[in-house]
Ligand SMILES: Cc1cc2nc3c(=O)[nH]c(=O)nc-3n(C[C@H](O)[C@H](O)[C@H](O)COP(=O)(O)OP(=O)(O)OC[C@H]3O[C@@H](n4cnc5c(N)ncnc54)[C@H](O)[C@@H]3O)c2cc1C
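A single chain comes next, written as structure tokens; it is the form predicted on its own.
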């Protein structure tokens, strides 16, 4: 039965939800407080990475975070602040940094990421989209024996999960990337991973959805939500009042603020990431993560992207020049011939990724509101999990058995 659906949020999760809901025959409206042409869905590394099976909340991460707190160039920065929501999130994050959480999350993360990767391919073929989609794998490049050993341990876990992965020597790395001057002890290659150019996919998807009757309401911020009998009866912005059968909350880092209006307490923090783009040809053909520095390098359509850092410091779009320099310096440390210019660094952009305490997304219905489906909290995996999350959202709303076991993603789970 066709329903009227309102999706709050026009990022990768919101657009993919709109796509699959439209495919199921529903009438869809997407509301976003921005112009829908910037943010995390546009500036991410473009990875479709089933390889990223270890959740952010893993043993030792909190300890590293405390250590890195005093280093403005560190890959992970958690800014301390006396905010009750932040303190609750920090407590839950610390509690989740355990072997138990990692073991619980590995298969759930792998399954939804693999489905997401395959759905990108299906969308491209079905709709004849032109966006870049290449499965060249992902290199985890290591400069120290300690980091290489750590990546090999993770690779062994990935092998047990059935993912194609292998260790490669520094000599083989040079053969794989002959036109680059990489300084490394060795690397791990995940052959299961693919990559894209994010903004091209986003523009194609928006064009497709508009041409098929999906309505976009840009630059409209939800100000009030009316609830009756545990159901949303309406939502209002400064300009309009919206009524629908079902609602989808896919507002990324802003989802926490909106969920409060519904009496739902989502533990969620904004994790800022940065990117630097260069149109110069560096000879890089295979995506890589510079393991010690946690910097991603992606050969995109017409340019190369250097992205990194996780800065948990509230919702803000301030560009921290120190962290931009850290990305540029790390790049030069690994690729000795690459020196990013002042102009390239001045063109850097940031995006906010919604981070849950246990590193798992929130996908599903909360018991507090029967006609609301929540889809947020994907952290660095939002791009990988976009289509799979959208498909699951559509299945939940349509009353279809979900493609995956969604219990690990339940928004009411306890930490």
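Numbering follows the first chain given and starts at 1. Owing to the predicted nature of the structure, the values given are computational and were not obtained by experimental measurement.
One more form of this protein should be noted, the form predicted together with the named molecule, which is absent from this view; the next part is about it.
**Q** Have a look at 90-98, 328-336, 251-259, 161-169 and name the one stretch with heavy atoms inside 4.5 Å of the named molecule in the predicted bound form.
**A** It is 251-259 that comes within 4.5 Å of the partner.
**Q** Contact between residue 109 and the named molecule in the predicted bound form at 4.5 Å, heavy atoms?
**A** Residue 109: no contact with the named molecule in the predicted bound form.
**Q** With the partner left out here, check for me: in the predicted bound form, does some heavy atom of residue 351 sit within 4.5 Å of the named molecule?
**A** Yes, residue 351 sits close enough to the named molecule in the predicted bound form that at least one of its heavy atoms falls within 4.5 Å.
**Q** So, residue 40 and the named molecule: in the predicted bound form, are they within 4.5 Å at any heavy atom pair?
**A** Heavy-atom contact with the named molecule at 4.5 Å: present for residue 40.
**Q** Verify the contact flag for residue 307: yes if a non-hydrogen atom of it lies within 4.5 Å of a non-hydrogen atom of the named molecule in the predicted bound form, no if not.
**A** It does: once the named molecule is placed as it appears in the predicted bound form, residue 307 has a heavy atom within 4.5 Å of it.
**Q** Heavy atom within 4.5 Å of the named molecule in the predicted bound form: which of 29, 366, 371, 33?
**A** By the 4.5 Å criterion, the partner-contacting residue is 33.
**Q** Which one of 85, 134, 151, 220 is close to the named molecule in the predicted bound form, taking close to mean a heavy atom within 4.5 Å?
**A** In short, 220.
**Q** Relative to the named molecule in the predicted bound form, which residues of 1-35 have a heavy atom no more than 4.5 Å away?
**A** Stretch hits, in order: 8, 9, 10, 11, 12, 13, 14, 31, 32, 33, 34.
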